[in-house]
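Only one chain is shown below, in structure tokens, and it's the form predicted on its own.
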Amino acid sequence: MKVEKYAIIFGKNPELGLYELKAFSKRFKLGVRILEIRFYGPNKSFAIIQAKEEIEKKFKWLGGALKLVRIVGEGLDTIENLEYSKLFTVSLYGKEDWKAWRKLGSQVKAVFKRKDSSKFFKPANVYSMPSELILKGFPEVKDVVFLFVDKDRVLVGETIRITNPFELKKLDVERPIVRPTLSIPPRLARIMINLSEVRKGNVLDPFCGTGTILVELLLQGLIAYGSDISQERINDARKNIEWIRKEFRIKQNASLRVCDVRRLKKCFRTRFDAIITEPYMGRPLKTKPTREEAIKIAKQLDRLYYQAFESFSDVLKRNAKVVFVFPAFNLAEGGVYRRNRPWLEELGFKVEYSILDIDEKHRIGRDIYVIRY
């Protein structure tokens, strides 16, 4: 299969997006080779990669990326190699300069006008076009991308795939049961599934809540199992799954159980290829905790988590992966508290890596662990 040069534009958490990209490549055997990475903050960071063309078909399943850009060439003279478009816009990454943005747009327009009339779509004060704007005209409206890798070095490309924010919003807010305090965002569910590298087989979410991870598993054609200690949550998950099956015409269903996570062996006879879950994270906090308060909360929660992982070992296949969200705490005195858990190794689990996903305004964030059994 042909190998092409691309850029991946990362979303809100570029570090998490990079870990996901590496796992995503292994999961779908895309042969991604990362050539360069530039971190410029949320929605502005990017990686230059080489990958099999198959990435264009699979890109829609990347949760932490916004755009897939096919690289046309290096240097502004490669504008000449762009395919003509009657309508186009321009996105800049690695540089925010309004005059440069307009000048580059004018250069592209001049090249396109040699073939036929062309219009430069220019929203005010936006250096990189968000997916919402592009999708209104995509693919008729070409998104010409300039990636400033270094001060005097620029790559030119065009957006060929976009994460659909309207579909993600539909999955998030239009489902029958929406409980923001109990659900993870659909985009994060997608990221966690990629981090597991699971290609096929049986996947369990033992803290399934309203079913966000289960819904994403079904959308991707995986065999989904869910459990929760609450009958009400299982009812919520069932309603959301029935909705998604009708909306997206999915034949497959999820297998649901009311089950205490500490007794999974009694609820499931199946051995699982992966466990992907966000557990109970404690009571909502009214203020940011002190370090002492955070340690106390984490210790209390670890009693449940320890028993959960004991139970995981009863139902997992050897070498299966667990993607598990532990709480991280923004401290009142500044900084973030992330707890070490040496007991994981004692139970037969090996931590491959962990990634922090937390905003300054949040009291509790996510410490996402990728663990092999």
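One rule holds for the numbers: they count along the sequence shown, beginning at 1. In this text, all values refer to a predicted model and were calculated from it rather than measured experimentally.
From this point on, the text means the form predicted in complex with a small molecule, which you will not see here.
Between the options Phe207, Phe268, Phe146, Trp101, the residue in contact with the small molecule in the predicted bound form by a heavy atom within 4.5 angstroms is Phe207. Though the small molecule is absent from this view, in the predicted bound form it lies within 4.5 Å of a heavy atom of just one residue from Trp243, Phe121, Tyr280, Tyr127, which is Tyr280.
Contact check for Ser230: a heavy atom falls within 4.5 Å of the small molecule in the predicted bound form. The small molecule in the predicted bound form is approached by Asp260, whose closest heavy atom lies within 4.5 angstroms of it. Although the partner is absent here, Leu304 lies within 4.5 Å of the small molecule in the predicted bound form, judged by heavy atoms.
Of the heavy atoms in Thr212, some are within 4.5 Å of the small molecule in the predicted bound form. The candidate stretches are 292-300, 271-279, 91-99, 163-171, and the one lying within 4.5 Å of the small molecule in the predicted bound form by heavy atoms is 271-279.
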